[in-house]
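One chain comes next, on its own, written out as structure tokens in the form predicted on its own.
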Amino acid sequence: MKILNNININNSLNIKSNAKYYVELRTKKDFNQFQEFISNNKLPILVVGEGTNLVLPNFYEGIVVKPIFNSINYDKNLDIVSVGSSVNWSDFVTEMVDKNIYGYENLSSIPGSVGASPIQNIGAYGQEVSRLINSIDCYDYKKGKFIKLHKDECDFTYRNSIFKNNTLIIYNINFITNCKNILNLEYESIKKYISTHNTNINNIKLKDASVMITNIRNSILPNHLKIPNVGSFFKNSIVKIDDIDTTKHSLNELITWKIDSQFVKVGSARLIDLIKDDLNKYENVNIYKNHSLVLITNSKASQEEVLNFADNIKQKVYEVFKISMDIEPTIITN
């Protein structure tokens, strides 16, 4: 186990944030030492991967924990691949595609680590990671014991899971490798891409689908290594269709997906598109030009400025449409 003091916390918004303690865990034995360390230092604990989904304070008065487990092991008898939590998610998907394992291709090029993927149940283009998980190996630092949670014990919902706001450290995830060899190309932006590029849908192979998803993502989402961001900053809202205020904008101007006879999911990007000209100007935070769900910084923004900008968006959307929006990344406080 490695312990460092007053270390900068890497994060994709490039907020200048330091932690009182930074701890690296590389083996299962390290968890026992970690348990002793936290019992002697009664401080908040934050588990991090690559920091691509965090909005951090300038100083975290606690213990930042980074599990570093990089192994990938296949069990062909059980149709399982066990993946260490610190493996890069995009690299893992590339390996699945290279091995002709279906189910992962629509999640190509999502930034972050494998261990972070179930926390907010990452999803894109009609796929969610929860559909690919068999079980998750964790350490409960409150109880001081190792546990395995099967998929149905993880409380997966839209952009949420049991792993938010608890005392579990994920160090390994067991994924299935026996999905049906069928591509999911029904998402609207995928169909548009296929049409625009005059692609014969019958000729699309697994690797082609992965490349296509990557191209679509790159056309609308900025690389956080070049333009600081955390991807989509807001979730799509599920609301009663009759509760939407259509005084200024009709339902036809919105993007919606029918849930049932009463409820719809509303595309938050479109809501922001319609009100963004009325937002206050902020010095270090803005909306990305190619996708209104993405907030970007110039590497000078604080957590306070990012959240103030986000609140301005939420308030304006509610004022115009009577729709409440929830923030997608995790906001870290002391």
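Please read these numbers as outputs of a predicted model, since none were measured by experiment. Heads up: residue numbers just count along the shown sequence, starting at 1.
The same protein has a further form, the form predicted in complex with a small molecule, not shown here; the description that follows concerns it.
Although the partner is absent from the chain shown here, V47, I170 and T330 each have a heavy atom within 4.5 Å of the small molecule in the predicted complex. Contact with the small molecule in the predicted complex, judged as any non-hydrogen atom within 4.5 angstroms, is confined among 48 to 56, 302 to 310, 277 to 285, 35 to 43 to 48 to 56. At the 4.5 Å threshold, heavy atoms of R217 reach the small molecule in the predicted complex. Although the partner is absent here, I119 sits close enough that one of its heavy atoms falls within 4.5 Å of the small molecule in the predicted complex.
In the predicted complex, H224 approaches the small molecule with a heavy atom inside 4.5 Å. Interface membership of G103, defined by any non-hydrogen atom within 4.5 Å of the small molecule in the predicted complex, is ruled out. Think of it this way: in the predicted complex, the small molecule has a heavy atom of just one of V81, V93, M212, V230 within 4.5 Å, and the residue is V230. For the options I190, I133, I110, I244, the one in contact with the small molecule in the predicted complex, meaning a heavy atom within 4.5 Å, is I110.
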